[in-house]
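Shown next as structure tokens: one chain only, the form predicted alone.
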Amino acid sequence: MSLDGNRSDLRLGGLGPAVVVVAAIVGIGAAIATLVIDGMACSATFWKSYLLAFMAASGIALGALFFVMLQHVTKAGWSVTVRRPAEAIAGNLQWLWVLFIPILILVWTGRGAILFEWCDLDYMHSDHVLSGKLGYLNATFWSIRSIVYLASWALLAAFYRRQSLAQDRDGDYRRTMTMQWWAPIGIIVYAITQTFASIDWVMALQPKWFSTMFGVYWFAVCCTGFYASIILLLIFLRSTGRGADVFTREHFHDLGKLLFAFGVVFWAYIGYSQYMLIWYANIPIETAWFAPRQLGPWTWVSWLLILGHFGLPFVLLVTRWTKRWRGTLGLIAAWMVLMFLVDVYWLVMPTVPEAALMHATSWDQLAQQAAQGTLPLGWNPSILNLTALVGALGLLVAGTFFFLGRAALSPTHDPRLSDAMAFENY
């Protein structure tokens, strides 16, 4: 079975350039506003906001890359028609590396300590725990690893998109076999690079802390952002009269199930497992990361994640019908995008008041200091957080519609296309 790739409802037409222009203007405008509001000072708040925005945008694209490779690993038939939008989202990894260049420059110019404590060599040498990590946490090795991560993702995203588009043109089923053959290798490369990137770019914000589960937690965060985003993207495409017979209720149902499985249940399982093990062991070097997230205003953010990222969506998505009604599923997906952003904010922004934790005589003392505002916890909501996020996400939307506009909205000659068109949930 094949589709006519020139069908008007499988092409964005003039909608594509229009969305690209609007999203790019919003993204670039918000980026400029971030610099202007910061007074071009490139303050600590600016860099934290910049990292927050980069991790959010790249997290959604990484979730898309995983989804694309997963479909080839499992030889899935149901997802063929929705794979092209996922390829478009993942395609942003071909240019997102550009946004990481300022962070590389920051580290290499000796100002990295404004964002990463490990860039302060005096601080690293002054502590016996940190001095033992200098072989890993140094500007040269860290930069090399970062370039490897970004290059790996860009190559994988480009490879799968290129093969998929080429199959549209020549209908060669062997391209499916090629993508399937490389998918297990790609998944392994993805797992390693995604894990170490989360360690290097987020966990290393507090270089003393470590968690063997953090990479898996970040993976769950990426899946949350992607599955919620692709649901919203497909709903938008359907609302413009595109893909009515290829993006069906059955596909929304399955995407809703994946959002429920990865973005709600798996996320909660990994988050609880990480917290429970650290709480039970009660080792100061491990609990120090969670301490500020349970003090002052961060307490309410933690509760928001527990209830908003797990409790509420679990109740809403556990039933079959909310996953089959696009209006309801769209509202839930929009909420999950918000929770994804809150989650990234919760990971990046808090700071560990090391001296206060070392000299505190009780938890009540820390809580009192937090309530009085004398304990530095990194709670400093700023308009920069919002403008940086809008900037990165605006560019992500522009990139997605740029890639979508250059091909049919669904693979047209995939050998499993008939499975996707006839797919039904039972």
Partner chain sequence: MSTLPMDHNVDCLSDDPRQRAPLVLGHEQFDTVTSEILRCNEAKRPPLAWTICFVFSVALMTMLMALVGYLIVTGVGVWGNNNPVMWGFPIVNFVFWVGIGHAGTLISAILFLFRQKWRTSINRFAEAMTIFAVICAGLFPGIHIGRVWLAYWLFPIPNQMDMWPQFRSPLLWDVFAVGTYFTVSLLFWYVGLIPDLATMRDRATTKVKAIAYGFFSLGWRGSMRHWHRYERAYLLLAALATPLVLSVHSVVSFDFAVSQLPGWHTTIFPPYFVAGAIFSGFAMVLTLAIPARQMWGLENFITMRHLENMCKIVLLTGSMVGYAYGMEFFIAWYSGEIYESFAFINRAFGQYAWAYWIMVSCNVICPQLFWFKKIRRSPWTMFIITLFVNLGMWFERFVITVTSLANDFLPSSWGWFQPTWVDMLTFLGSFGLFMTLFLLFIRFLPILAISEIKGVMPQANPHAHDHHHDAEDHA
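Remember, predicted model here, so these are calculated numbers, not experimental data. Residue numbers count along the first chain shown, from 1.
Keep in mind that the form predicted in complex with its partner chain is missing from the display, and what follows is about it.
With a 4.5 Å cutoff on heavy atoms, residue 415 counts as touching its partner chain in the predicted complex.
In the predicted complex, its partner chain stays beyond 4.5 Å of every heavy atom belonging to residue 330. Though the partner is left out of this view, residue 297 does not reach within 4.5 Å of its partner chain in the predicted complex, counting heavy atoms only. Its partner chain in the predicted complex is approached by residue 211, whose closest heavy atom lies within 4.5 angstroms of it. Checked against its partner chain in the predicted complex, the candidates 147, 188, 98, 155 yield a single residue with a heavy atom inside 4.5 Å, and that residue is 188. Interface residue among 75, 125, 162, 249 relative to its partner chain in the predicted complex, by the heavy atom within 4.5 Å criterion: 75. Considering its partner chain in the predicted complex, the lone stretch of 322 to 330, 199 to 207, 348 to 356, 102 to 110 in range is 199 to 207 [heavy atom distance within 4.5 Å]. Heavy atoms closer than or equal to 4.5 Å to its partner chain in the predicted complex belong, across 97 to 132, to the residues 129, 132, ordered by sequence position.
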